[in-house]
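Taking the form predicted on its own, here's one chain by itself in structure tokens.
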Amino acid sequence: MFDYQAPQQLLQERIILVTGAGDGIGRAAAFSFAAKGATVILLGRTLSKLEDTYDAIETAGYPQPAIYPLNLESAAQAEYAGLAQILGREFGQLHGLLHNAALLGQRTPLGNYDPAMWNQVMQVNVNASFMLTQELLPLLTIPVDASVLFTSSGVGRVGKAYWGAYGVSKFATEGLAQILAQELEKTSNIRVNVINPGATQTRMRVKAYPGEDPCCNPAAADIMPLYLYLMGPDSIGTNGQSLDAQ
């Protein structure tokens, strides 16, 4: 596990948006960021799940989060622009962005892969990350420092049979992050990095590995040290890296 002890006020007065914040790693990240002082914007498709995350943060006495329901599979550019306008009006700036939401899609040979499913996975895992980042860049340039985190996978570094669109989308995510990191390195205060969570107790993991004993994997909360490090100012100077949470 990544070794980092986050200061209690690491993210004090910071505004951080988390996609896929209603479940799994996204929920754990949102809660962890709030626990270190951040105001977290919870973005996801299912309102009830976002409300559960909201309630958990509020019950714990952390800064009041905000909810923004958005279906990344169907959202158009105008909806991302509208989100950016709302965040600019309500918060004025953005200190962090965690791209966590993703679709697994099918586990099947490419020759059998459903093209409609392929497009859905690419839309959520790649296109949505690009469009959301593009619209939020102006807000991310305002603070003294800001962090953009993408979520990858071991199958986005070495191609593995039967991982289809998910594997290809994670290769694309790695490339997107590398290009963005280089473009912003000398022209902004924004650092861009990638996290590979590794095997974790999530619904997606169970779906991908139905025969695996989930108890053998760490809980999402256990892998948060790397998320906190990269999201906070202690990671200033770390840019363009793809790191393992475990």
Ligand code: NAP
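Throughout, we count residues from 1 along the sequence that is shown. Owing to the predicted nature of the structure, the values given are computational and were not obtained by experimental measurement.
The protein also exists as the form predicted in complex with this ligand; that form is not presented, and the subsequent description refers to it.
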Open item on the list: How about Ser129 - does it come within 4.5 Å of this ligand in the model of the complex, if we only consider non-hydrogen atoms?
Closed with: no
Open item on the list: Against this ligand in the model of the complex, would Val148 count as a contact residue? Criterion: heavy atoms within 4.5 Å.
Closed with: no
- [ ] Give a yes or no for Glu79: in the model of the complex, does one of its heavy atoms lie within 4.5 Å of a heavy atom belonging to this ligand?
- [x] no
- [ ] Indicate whether this ligand has at least one heavy atom within 4.5 Å of a heavy atom of Thr46 in the model of the complex.
- [x] yes
Task: Candidate stretches 111-119, 81-89, 135-143, 94-102, one within 4.5 Å of this ligand in the model of the complex by heavy atom - done: 94-102
Task: Non-hydrogen atom within 4.5 Å of this ligand in the model of the complex for each of Gly22, Val124 and Asn196 - done: yes
Open item on the list: Counting any non-hydrogen atom inside 4.5 Å, which residue from Ala66, Ala56, Leu70, Ala219 sits next to this ligand in the model of the complex?
Closed with: Leu70
- [ ] Could you list which residues of 144-161 come within 4.5 Å of this ligand in the model of the complex, counting heavy atoms only?
- [x] Thr151, Ser152, Ser153
